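In structure tokens, one chain follows: the form predicted on its own.
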Amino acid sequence: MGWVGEQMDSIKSLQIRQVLTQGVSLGMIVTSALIIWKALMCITGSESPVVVVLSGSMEPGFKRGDILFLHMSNDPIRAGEIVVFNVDGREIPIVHRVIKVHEREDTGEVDVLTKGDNNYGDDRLLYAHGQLWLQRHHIMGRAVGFLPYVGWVTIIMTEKPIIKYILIGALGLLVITSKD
């Protein structure tokens, strides 16, 4: 019968009270993860305190699969800093370096121009139609640290969703059938 058959027999032998206890435990794990994420958002001032590098546009500094830790402060953005930004009309944030900073004399607002370290030209082709500069509201945060290659788990689960479903199912089955 194998491992799957043994797990199914284990589920059938559980009492309702055990199933409810395991379900509550699973709910507490998910809730804890959400609380940690929200706390990181408050501490870092970024709507997304952790991002995964999805392309090779920042090589050799950051490779595909690296995890970046972000922080957003009120300090002025300077050329050379690595920022993560959203562009109107695109869902996925972009990680690139600031190459130019332009301060408007009339309002004092700062506009920035970005470029991937491994790209030939600046990012104006990536920006929304007619947009030449990024404003502060486009920027999600500045890179303050990174973990190499750890983000590959996210990339693999995004590119091959079946792996994500198998992993989630196996973890759920493990939580439900654990005897503790």
Partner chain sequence: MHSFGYRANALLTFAVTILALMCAMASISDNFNHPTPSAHVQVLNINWFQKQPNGNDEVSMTLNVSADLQSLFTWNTKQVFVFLAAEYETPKNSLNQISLWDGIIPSKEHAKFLIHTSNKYRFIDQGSNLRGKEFNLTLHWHVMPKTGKMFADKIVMPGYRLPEEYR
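Throughout, rigid core stands for the largest set of C-alpha atoms superposing within 1.5 Å between the two forms. Since this is a predicted model, take the numbers as computed values, not measurements. Residue numbers count along the first chain shown, from 1.
From this point on, the text means the form predicted together with its partner chain, which you will not see here.
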Is there any non-hydrogen atom of residue 147 lying within 4.5 Å of its partner chain in the predicted complex?
yes
Should residue 62 be counted as a contact of its partner chain in the predicted complex, where contact means heavy atoms within 4.5 Å?
yes
Do residue 143 and its partner chain share at least one heavy atom pair within 4.5 Å in the predicted complex?
yes
Is there any non-hydrogen atom of residue 103 lying within 4.5 Å of its partner chain in the predicted complex?
yes
Look at the stretches 47 to 55, 151 to 159, 111 to 119, 26 to 34 and give the one with heavy atoms within 4.5 Å of its partner chain in the predicted complex.
111 to 119
Though the partner is not shown here, which residues of 69 to 84 have a heavy atom within 4.5 Å of its partner chain in the predicted complex?
78, 79, 80, 81, 82
Aligning on the core only, does the CA of residue 100 end up 2 angstroms or more away between the shown form and the other one?
no
